[in-house]
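We begin with a single chain expressed as structure tokens, specifically the form predicted on its own.
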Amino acid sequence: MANRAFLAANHLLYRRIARPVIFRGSAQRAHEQILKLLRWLDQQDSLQGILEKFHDAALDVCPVNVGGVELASPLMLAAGFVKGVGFDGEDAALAAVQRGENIIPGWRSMPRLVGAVEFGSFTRWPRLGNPGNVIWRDVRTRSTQNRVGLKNPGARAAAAFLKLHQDQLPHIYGINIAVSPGVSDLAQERREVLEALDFFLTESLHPSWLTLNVSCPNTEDDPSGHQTEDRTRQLCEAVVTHLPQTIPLWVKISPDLAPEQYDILMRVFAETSVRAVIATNTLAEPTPDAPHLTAGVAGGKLHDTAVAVAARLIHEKSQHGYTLDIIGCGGVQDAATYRDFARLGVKAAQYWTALIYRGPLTAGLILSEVNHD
């Protein structure tokens, strides 16, 4: 049973000491420092057991089956936190793996501390991401905003790196593969997604689930407009056919589609054997520094929109008897925001921004509040 006194003490320490120090600088600098810390933690064999003990003390085992996966807890760390560094080419990324560099900071330490993690998003080819300041926070609304630009080492290098450490990977984890920004040809889009998937399968990496990310508003070319009936159907059919039956397909969608488009997508997902829909990705808004650029908003500013999308999807599921699950994602930071999804019938949720505002044991805090409020 989670230790409420332990949770309360850790939350107090984070709120009174760690968070003020972190928030003293910019969100960009904090992000860079956290990546350095994660890279160091991943190397510390002696600390891994301590991280697991923190997790066990903070989080009760409350199993839930969602999207064909048996999770120990209904809360998962969303993609985007443990995604890796960027490279300007595949050869450079693979060379870094061969040199023994940690190209995915947090791969080892974060699952031990927080539980289920979705790694990625990974694209077929490495991406350097956007330059300059790409991360912001809005303390008043407990929000974050980023235009990192899908920075990642690419699927081939990510798979090679995780293969090297396969014996230390968590028992339960997901892999998130994103549709390549800038690709408008459907055949190329499908081919690159399947190539990315094949890198992981060829390395005998079998995640508990695979998420197909068909929207990423922090790139210059947000593929949200690609979420048409035909494109989505062809992508989902191709991936489901390619996946082993033991790996369910989840899909992550945009928060800003037309209501009728969500209805169409739900029908497509049901007909192509998608097991879960993550609602939603971040919401594109102008950046604080340059209003002509957009970046994905997460946390408090996203919450109401994400809940509304989940409600629409749940309604369609009920109306037509679809069996796929809806996973909440958007501003889950406390008991109230978690219940906003749960009262719709959502069985599990993902979080990200809550780590920034409430600390690394936020999943335990949220579930403790839900159980004792």
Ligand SMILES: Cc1cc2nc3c(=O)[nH]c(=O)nc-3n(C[C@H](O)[C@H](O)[C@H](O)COP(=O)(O)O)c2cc1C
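Keep in mind it's a predicted model, so treat the numbers as computed, not measured. We number the residues from 1 along the sequence you see.
Below: the form predicted together with this ligand, not depicted.
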| query | finding |
| --- | --- |
| This ligand in the predicted complex reached by all of 299, 330 and 352, non-hydrogen atom within 4.5 Å | yes |
| Listed residue (78, 295, 175, 251) with a non-hydrogen atom within 4.5 angstroms of this ligand in the predicted complex | 78 |
| Of 183, 268, 97, 148, the one that lies within 4.5 Å of this ligand in the predicted complex (heavy atoms) | 148 |
| Which of 330-338, 50-58, 307-315, 37-45 lines the interface with this ligand in the predicted complex (heavy atom within 4.5 Å) | 330-338 |
| Contact label in the predicted complex: residue 120 to this ligand, heavy atom within 4.5 Å | yes |
| Proximity of residue 135 to this ligand in the predicted complex, heavy atoms at 4.5 Å | yes |
| Close approach of residue 124 to this ligand in the predicted complex, 4.5 Å, heavy atom | no |
| Sequence-ordered residues of 262-294 touching this ligand in the predicted complex, heavy atom within 4.5 Å | 280, 281, 282 |
